[in-house]
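Only one chain is shown below, in structure tokens, and it's the form predicted on its own.
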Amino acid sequence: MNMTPSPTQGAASRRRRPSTWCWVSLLAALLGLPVSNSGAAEVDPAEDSGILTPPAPATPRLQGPRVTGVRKGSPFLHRVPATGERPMTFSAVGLPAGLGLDPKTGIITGRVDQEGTSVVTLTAVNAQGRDSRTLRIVVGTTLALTPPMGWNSWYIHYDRVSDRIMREAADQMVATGMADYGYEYVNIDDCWMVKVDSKDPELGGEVRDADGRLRPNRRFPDMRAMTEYIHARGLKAGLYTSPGPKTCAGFAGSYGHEALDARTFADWGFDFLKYDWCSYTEKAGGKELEHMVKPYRLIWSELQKQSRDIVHNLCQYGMADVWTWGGTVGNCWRTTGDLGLENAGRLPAFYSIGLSNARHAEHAKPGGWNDPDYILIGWVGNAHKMGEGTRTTLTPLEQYSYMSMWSLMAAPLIFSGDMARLDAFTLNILCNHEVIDLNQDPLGRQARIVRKSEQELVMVKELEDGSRGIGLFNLGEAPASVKVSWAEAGLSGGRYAIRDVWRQKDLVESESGFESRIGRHGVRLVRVRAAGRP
């Protein structure tokens, strides 16, 4: 399916307000010039339906998170995200004692024995130029200082997942350039363990060894070797289990073996754990808050005892208002049911899941994030049948809205489509560094909804530098204008510059607000800062 219309189709799909101002702004946009107006109105770029993200330049460009956390004495691993022509040489000034940088790969490794914060200046150089950027390394007790970014196997591989698939996904994360934008976690979901009572020679067998350690099924012959393969690429490895006796797909869970399993996962070299409620219902003993919290508090306490950092992702579907307590026992928590099982109504399912997640903005902060489930674009499987992947039915405009909403909500950016079938359009959605910057902003604020109706949605995210990320969403069935005032955005009086984040292009300056005409189920995502500021 060709996602990009012809120039004639794209022009025909756009609509403009019949005013002198719009013709002036259109001319300025064509010339690449910013325009000032007391109330700015812009034509929606996303009605083009094509690839909006500009290609990365040949010169180095450092990007990704500006802050990362590690516990004292834990192994540190960070692949410096950078686009540009290779080969590229990396250097760092200000690394804390115990860390070292490989100048050829840009991978920082080591251990730090003292708590504290180091501001490190990273530099990348190639034949075309150089770029520098700072990274704060915080050695303390808090992990996931920005939302985790990566890939998960579930919505494409289901019970077909294997060691080979996981290694290939790591290779693809590097080869496609996703790792150059900050994606780092390569996570196995369900179905890596032995399946309880299965007669399948690959999946069945004894679920634990003579020492009680959880056994992988035959598709995973050596978990430690697999994580070392992933780590060698500067990436991190994640896995999944349940606090119950079985996982959702009927594989062996961790009930009664929590301490041993936490040690095993650390020994294997994993960096991320998704802990899925599943069969724990039969062991919970009740539905009160204490019963909901208990299994997550137990595994959290065991993870803290390990000699490596493991980010904890609670997956219990928003029960007992998990957003109010998840941050005491984990780093991110699912706020809803599975997006892949959510029935679409008038709008695709990600809107209802996203809008539900958006209600809990006050509970997100560095180290603890509301999780609305994965990014399901590109080629994805049918979650009801656990089937093979097919191309998403979401329109291009809906995919821009999906990624925009997740980025504004400071949600974990975990892609769960087919890594082997990533096309240019899907990568354009996943790999726009200005969109990712909104998600990874160190302030850690989740966007708040400032206006919502059947026809439109306006979300505003406060950013560390005082600017705002603003999403104008058209929820209607036809193109429509959506606007926001600076008062709604929490901005005081003055003139503000507006930047189109998807197109990475400066638009206009305004003293009062911004308005855009937007296509069906589309978005206009902008960053707004005081005029004259970089």
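Start at 1 with the first residue shown and count on from there. Bear in mind that the values here come from a model prediction, so they are computed numbers and not experimental data.
One more form of this protein should be noted, the form predicted together with a small molecule, which is absent from this view; the next part is about it.
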item	value
Heavy atom within 4.5 Å of the small molecule in the predicted bound form - residue from V194, C315, V329, A447	C315
Single option in D163, D338, E85, D131 placed near the small molecule in the predicted bound form, where near means a heavy atom within 4.5 Å	D338
Location of the small molecule contact in the predicted bound form, chosen stretch of 132-140, 218-226, 274-282, 106-114 [non-hydrogen atom, 4.5 Å]	274-282
Non-hydrogen atom contact V174 with the small molecule in the predicted bound form at 4.5 angstroms	no
Residue contact check: C248 to the small molecule in the predicted bound form, 4.5 Å heavy atom	yes
Non-hydrogen atom contact D190 with the small molecule in the predicted bound form at 4.5 angstroms	yes
Non-hydrogen atom contact Y183 with the small molecule in the predicted bound form at 4.5 angstroms	no
Heavy atom of each of W154, Y240 and R334 within 4.5 Å of the small molecule in the predicted bound form	yes
